[in-house]
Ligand SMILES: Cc1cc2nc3c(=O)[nH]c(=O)nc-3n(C[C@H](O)[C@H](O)[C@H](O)COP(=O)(O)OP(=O)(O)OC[C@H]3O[C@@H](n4cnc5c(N)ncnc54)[C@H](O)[C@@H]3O)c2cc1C
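Below you will find one chain, with nothing else, as structure tokens; this is the form predicted alone, and questions on how it binds or moves follow later.
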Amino acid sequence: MGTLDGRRFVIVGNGIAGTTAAEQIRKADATASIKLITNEPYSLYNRIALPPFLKQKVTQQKVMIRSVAWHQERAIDLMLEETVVSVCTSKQEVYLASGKVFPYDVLLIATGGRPNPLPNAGGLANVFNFQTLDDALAISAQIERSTHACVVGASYISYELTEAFRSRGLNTTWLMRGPRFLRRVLDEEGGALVDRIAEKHGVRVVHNVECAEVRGRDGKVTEVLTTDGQTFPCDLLGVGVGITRNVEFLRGSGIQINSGVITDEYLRSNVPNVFAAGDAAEYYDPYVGHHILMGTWDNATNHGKVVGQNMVGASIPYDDVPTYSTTLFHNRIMAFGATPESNPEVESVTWLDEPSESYRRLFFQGERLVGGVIIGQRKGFPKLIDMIKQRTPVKKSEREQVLAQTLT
């Protein structure tokens, strides 16, 4: 397998999963050819640093993680602003929009996802998704020119935009089509707590409405009309309505895709020598016993570590409990493990302490804890993670007791 110079590894996507995998491959194989392809103009940067960057809490320099020189020092061929349009698994070749063709011995799909656009924005300016560094730079510049902001969506991204807009002084309205933020993960009490936190900082929260029309003047957004007839002034519109995995280019390749690339617990696809990692991988989760998608930074990081080793011949199952944490103005929310977002069949118990603005909801599948969400105090969190990893049996009658024990 491979050439005289060693095996040929092609990695599509230079996010934290793809770049970490490239680093693992180079550590294991000094002679391998490693091509790392991205459609962005930047080497690896920290996507979870973008919300604090938008709030002007960190500099752009702090957002960057890996320089172009870092790749050169490790003989990782970083190819910026290149787009892969198809893959031929029978020939083991990757085809780029620029006309370039790269043969591979081992291929990694780490293409992540792209934010869904607001369908009725009408091509108006100053309507933004929030995923990339370029998005953050453009939004930050527009904040300086704006007075009234609206945010559409009930996702983490929508909250991060809401928080950034309000923290930088904009009159901010947050519009959700459902009854609460993260409606599948939080129950009514949790959603109400999130609302109170946002409202305490001056955000107007509006539930059970959709964006009926985005109106503008001179090609720029000026107001948003909701489905219940309300009109909100808006010269900056943020959108957080989910993502679509970047896997369409694999159609016809023989690589099995659903919402993402279907993999086993080793992050291998159904095609030999083709792997997937990060947000683009619909991987087998041993804790819940089926395939899941997980769009978190630490999940993608740990995927990269495991898949890089497996691409050079190891057989390490991915066996971790992913977590996601972000600020809620002066508070903080953290989700971990399996939640109803990816596992609708889980059952839950809830605890709320209004004075301290603390909340937690634990998720159970059968007689095992599989995940949870915490707002405020994180006491007992390591114990919860350990219970998930150890598959500690918990009877239905013991769930409330387990929740109470983690708070003491």
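Heads up: residue numbers just count along the shown sequence, starting at 1. What you are looking at is a predicted structure, and each value in this text was computed from that prediction instead of being measured.
Absent from the display: the form predicted together with the ligand. The rest refers to it.
For the residues Ala300, Val194, Ala154, Val221, the 4.5 Å heavy atom test against the ligand in the predicted complex is passed only by Ala300.
Among the residues Thr326, Gln142, Asn171, Thr89, the one placing a heavy atom within 4.5 Å of the ligand in the predicted complex is Thr326.
Only one of 374-382, 33-41, 55-63, 359-367 lies within 4.5 Å of the ligand in the predicted complex by heavy atoms, and it is 33-41. The shortest heavy atom separation between Arg47 and the ligand in the predicted complex is within 4.5 Å. The shortest heavy atom separation between Ala110 and the ligand in the predicted complex is within 4.5 Å. The shortest heavy atom separation between Phe249 and the ligand in the predicted complex is within 4.5 Å. In the predicted complex, the ligand lies within 4.5 Å of some heavy atom of Thr296. With contact defined as any non-hydrogen atom lying within 4.5 angstroms of the ligand in the predicted complex, the stretch 358-379 contains no contacting residue.
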